[in-house]
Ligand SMILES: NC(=O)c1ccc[n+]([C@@H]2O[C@H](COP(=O)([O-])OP(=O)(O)OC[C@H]3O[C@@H](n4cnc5c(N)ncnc54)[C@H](O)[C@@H]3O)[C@@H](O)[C@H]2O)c1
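A single chain comes next, written as structure tokens; it is the form predicted alone.
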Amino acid sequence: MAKVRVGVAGYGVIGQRLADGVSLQGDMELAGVADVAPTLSVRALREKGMPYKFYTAAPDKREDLDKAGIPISGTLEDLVQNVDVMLDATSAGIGAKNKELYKKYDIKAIFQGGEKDSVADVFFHGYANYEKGLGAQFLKLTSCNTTGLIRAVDCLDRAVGVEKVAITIIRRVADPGDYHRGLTNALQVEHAPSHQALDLMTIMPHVQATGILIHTPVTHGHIITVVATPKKTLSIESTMDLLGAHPRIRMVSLDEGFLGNASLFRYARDLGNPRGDMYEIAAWRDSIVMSGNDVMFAINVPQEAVVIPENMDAIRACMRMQEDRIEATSLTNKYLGIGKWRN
């Protein structure tokens, strides 16, 4: 069977990780990446020897790319005509404009969490609603926080059923290297309920969800506390077993030295993971407590890389590469090397 050809629009924080993720999939081929300017990410791509073909998404600004010595293989429109599916990781709102180009050539496309829900036919998560993405032309992924949150809630829901969840998100304010948020020494509370809770209900409408979000002046990862009301009895031990069995959840503890978000980022770097990326979310054993019949726990969400596996799942669904949810997610995990630490 021929490999599915994939293009990536937007070579930034998510786009460069999507390109790497696709290149690792044994049954996919990365046709190229597209961006508008010689950003640091694009310059780094050139310095690495251009492992991926580069296409300009703004032909009128090609001179800037030429001055930076970026080899150009064509335009975004050229790239779109040579793929089966596009992963659109452009800035919010740009994906909706690019959609017209994808429609012009009848190409499937997958959009990221920053786009409005209306851009896609299906709001998608690899584990929670894989079947809804089968054959769809336009899919939209959940945000990084929502992606990690749904992994944990879906894990418990499939085992014992979950009636409702209440969450508190301690959210990093910007990605490493970003300056547009400014330099702050403050916490900021958003209006409740948080969009992540509402998005969870869109993917899992049978679960009642609400939550509060607090912006924090850090860059390496979010921490979410979850209070879940199960339909069947859970204990600390059974919750730990269920979360620990999920391929994309890593159980950690304070005694091991995982004191918080920075510990996990440092560990990923010590492992030699590119850019310090970690695809799994982490759940602290020490955080699992019972409140009556409710179970409470805390997870770490590595915002730069956590959505990459679900994007690979989305390709598999929309291209009908695998009809079965577990078969598809297991292949994604295998090619990305998820769970190697279990061995």
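In this text, residue numbers run from 1 along the sequence as written. Here the structure is a predicted model, which is why all the values come from computation and not from measurement.
Not pictured, yet referred to below: the form predicted together with this ligand.
With this ligand left out of view, the stretch that reaches within 4.5 Å of it through heavy atoms in the predicted complex is, among 82 to 90, 249 to 257, 236 to 244, 200 to 208, 82 to 90. This ligand is not drawn, but in the predicted complex it has no heavy atom within 4.5 Å of R151.
By the criterion of a heavy atom within 4.5 Å, A57 is counted among the residues contacting this ligand in the predicted complex. Although the partner is absent here, C144 lies within 4.5 Å of this ligand in the predicted complex, judged by heavy atoms. In the predicted complex, none of the heavy atoms of A283 sits within 4.5 Å of a heavy atom of this ligand. For the options V36, M28, I315, A31, the one in contact with this ligand in the predicted complex, meaning a heavy atom within 4.5 Å, is V36. Along 304 to 320, these residues reach a heavy atom to within 4.5 Å of this ligand in the predicted complex: E304, V307.
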